[in-house]
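Below you'll find only one chain, the form predicted on its own, shown as structure tokens.
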Amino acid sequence: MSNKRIISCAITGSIHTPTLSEYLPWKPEDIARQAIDAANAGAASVHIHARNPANGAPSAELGVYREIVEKIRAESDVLLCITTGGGVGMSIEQRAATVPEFKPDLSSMNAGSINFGIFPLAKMLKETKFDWEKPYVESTQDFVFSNTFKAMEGICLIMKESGTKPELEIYDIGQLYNVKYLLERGVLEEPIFLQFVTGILGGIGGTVYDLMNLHQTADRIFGKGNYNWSVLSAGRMEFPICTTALFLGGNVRVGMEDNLFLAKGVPAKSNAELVEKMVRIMREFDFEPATPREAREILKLKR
């Protein structure tokens, strides 16, 4: 499978608000439909957040997640990666409740605390569809995305008990050492799966230099070839960073959680469009998107 690469698609997230894109899915049926379409376009894994079906705000309601998960599972064998990141202000208990409830193939495990700043988006929200949007993004100027060692160990143990593989979200170099500690504690099992998150204000930058820093540090800590990894970049660097990762042996994540544009000045009308572009880029360089079955083999999933 040396030319196979996993494409993950992050469908809606909790960063962008409905006003920022008319195409951003936030109703459960739309999130599920776009996830299925992204899988049909070539994504082996879909990363799922839930939204309030009345106003598009990030939601921790298990009933909303259930509607999304059941629809996807009924129509696709795509790997489900459900967030434990949640949204601004959610408790650890709220964030982790989806794992034992749905026992997904993968679930995000944020590998450390950061100042997670999306407040610059406020300047794009002069008139909003919903009242919550602007105060929500502005609040992150005074927000720490808290992931303490106690919380990380607890979430990892919940995932282990549920048969779910942690997708370890790495926002900066120091978090690789947090993962090393969790491995030594025995709450993580090899082979680990690292998701490099670049370009978020408060974390590492979204340049090729930053990607190389993460990749080389991970090689040094965990041993070259002893772990699986993927990368995403927020905003306009999504495709340049993902393309670079292909040549380094990495997998890739695209989607409207991370980027709302197909090209400069061209809004993405669906998550499937972003996946289709990534597939075209891959094939230009003789890479092939892994199927869900192949992704399960690459990641050594137990289920």
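Note that the structure is predicted; figures quoted are calculated from it, not measured. Residues carry their position along the shown sequence, with the first being 1.
Note that the form predicted together with a small molecule isn't included here; everything after this is about it.
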| query | finding |
| --- | --- |
| Contact at R5, K165 and Y227 by the small molecule in the predicted complex, all three, heavy atom at most 4.5 Å | no |
| Exercise: F116 in contact with the small molecule in the predicted complex, heavy atom 4.5 Å | yes |
| Close approach of G112 to the small molecule in the predicted complex, 4.5 Å, heavy atom | no |
| is_contact(V197, the small molecule) in the predicted complex, heavy atom dist at most 4.5 Å | yes |
| Contact flag, R51 vs the small molecule in the predicted complex, heavy atom cut 4.5 Å | no |
| Candidate stretches 167 to 175, 184 to 192, 204 to 212, 150 to 158 - the one whose heavy atoms come within 4.5 Å of the small molecule in the predicted complex | 167 to 175 |
